[in-house]
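Given as structure tokens, the chain that follows is alone and in the form predicted alone.
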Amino acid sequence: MELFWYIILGLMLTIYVVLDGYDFGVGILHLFLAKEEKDKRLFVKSIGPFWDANEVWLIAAGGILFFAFPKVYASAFSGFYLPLIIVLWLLIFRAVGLELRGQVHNALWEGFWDRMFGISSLLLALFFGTALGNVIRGVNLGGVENGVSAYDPHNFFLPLWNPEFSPKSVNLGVIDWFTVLIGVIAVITLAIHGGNWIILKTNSTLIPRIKKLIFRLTILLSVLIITSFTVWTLVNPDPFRTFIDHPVLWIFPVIALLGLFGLFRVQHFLKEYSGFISSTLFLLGALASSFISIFPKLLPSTNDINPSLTIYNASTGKYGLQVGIYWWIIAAILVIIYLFVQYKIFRGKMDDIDYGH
């Protein structure tokens, strides 16, 4: 039962990254590429009917974590309190930037909210990537120093960074050279994903330029991925143990590689949806591989005093997990119907659909 809810949690987070990820990517490209008013409007139109619905998946994932693994929820939301508040403010500024931008037709007003939308999107991608890096790296559960726990075994607190800026430090920070590397990979990946969404949903004159940018970013992404695998062994000495024990799971890294290969071909695809499918495959494969690499841990411990929080020692009671399945099925059916209707109504190009400004 715990494994089922671990898969569901990973699925919800992956869907969130895929759907809200193209929103972030569009925002990043909006910041750097959209210089003319027509391009800015077109970028926003491409995500206009979708972005607020996509954010619901983050709430849904948080609800699953709270219900199925409450100890991890309590530990993470207290230990990551500072970055979570920053993420909350960034989500607010991003939404406000979209909604208030067109309320006053003034160049200074519009320019300010354009930047807020773009900067918030970029920083959200960076912080969510950094969050994944923190989970892969682990945290100092219990705040152990000199063999003594400062907190309860499942509690911790992280400042934004530590003086050493190292993932091997006793007193870890949210930001270090490893988590920043994962964050930069996330920014580049979502920028590529957002570019593919713009290609799919608009007839922007910037599309040839976006395709060239995607190709160049894919080269950079490949270099950073190879670098991350090299340094990953410094943070986690045996990151591929689960894959070695269960060879069938190598299908997920293969899916990521297929998606990455497709991104190199984005300038030659005849079908506009091919690039978006490629970036989606890469995200699916990469995220699934990350979750599998730490299984069964949900929040690894970096010390030998307090054990990691796993799907087995941090889950709710068996009865609660069983009852939750029925309610999740009902919710899943409703969400599938909603998504089907939403994407059917807004299928095709978005150039002639006004966002509502």
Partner chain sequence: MEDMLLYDRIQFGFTVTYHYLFPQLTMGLSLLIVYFKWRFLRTKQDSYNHAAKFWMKIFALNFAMGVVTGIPMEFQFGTNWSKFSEMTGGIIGQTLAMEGMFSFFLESSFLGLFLFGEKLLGHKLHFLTGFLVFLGSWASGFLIIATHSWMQHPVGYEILENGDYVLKNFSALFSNPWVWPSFLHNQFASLVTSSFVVMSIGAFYLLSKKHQEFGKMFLKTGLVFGAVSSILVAFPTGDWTAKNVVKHQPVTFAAMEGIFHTEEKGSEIILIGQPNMKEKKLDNKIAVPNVLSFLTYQNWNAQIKGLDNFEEKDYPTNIPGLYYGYHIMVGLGTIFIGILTVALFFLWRKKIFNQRWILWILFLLAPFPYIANTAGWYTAELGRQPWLVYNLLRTSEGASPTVSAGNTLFTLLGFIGLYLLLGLLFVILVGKTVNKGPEQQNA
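Note that the coordinates shown come from a computational prediction; the quantities given were computed from them, not determined experimentally. Numbering follows the first chain given and starts at 1.
Form predicted together with its partner chain: not shown, discussed below.
Stretch 315-323 is the contacting one of 31-39, 315-323, 284-292, 301-309, since its residues have non-hydrogen atoms within 4.5 Å of its partner chain in the predicted bound form. The shortest heavy atom separation between E145 and its partner chain in the predicted bound form exceeds 4.5 Å. The closest heavy atom approach of V248 to its partner chain in the predicted bound form falls outside 4.5 Å. Its partner chain in the predicted bound form comes within 4.5 Å of a heavy atom belonging to V96. Contact annotation for N155: at least one heavy atom lies within 4.5 Å of its partner chain in the predicted bound form. Every residue in the set P70, L88 and Q103 has a non-hydrogen atom no more than 4.5 Å from its partner chain in the predicted bound form. Y151 is the sole member of F252, F240, Y151, W232 with a non-hydrogen atom within 4.5 Å of its partner chain in the predicted bound form. Of the listed positions (V170, A74, L257, I219), a single one reaches within 4.5 angstroms of its partner chain by any non-hydrogen atom in the predicted bound form, namely A74. Of all the residues from 38-56, those having a non-hydrogen atom no more than 4.5 Å from its partner chain in the predicted bound form are G48, P49, D52, A53, E55, V56.
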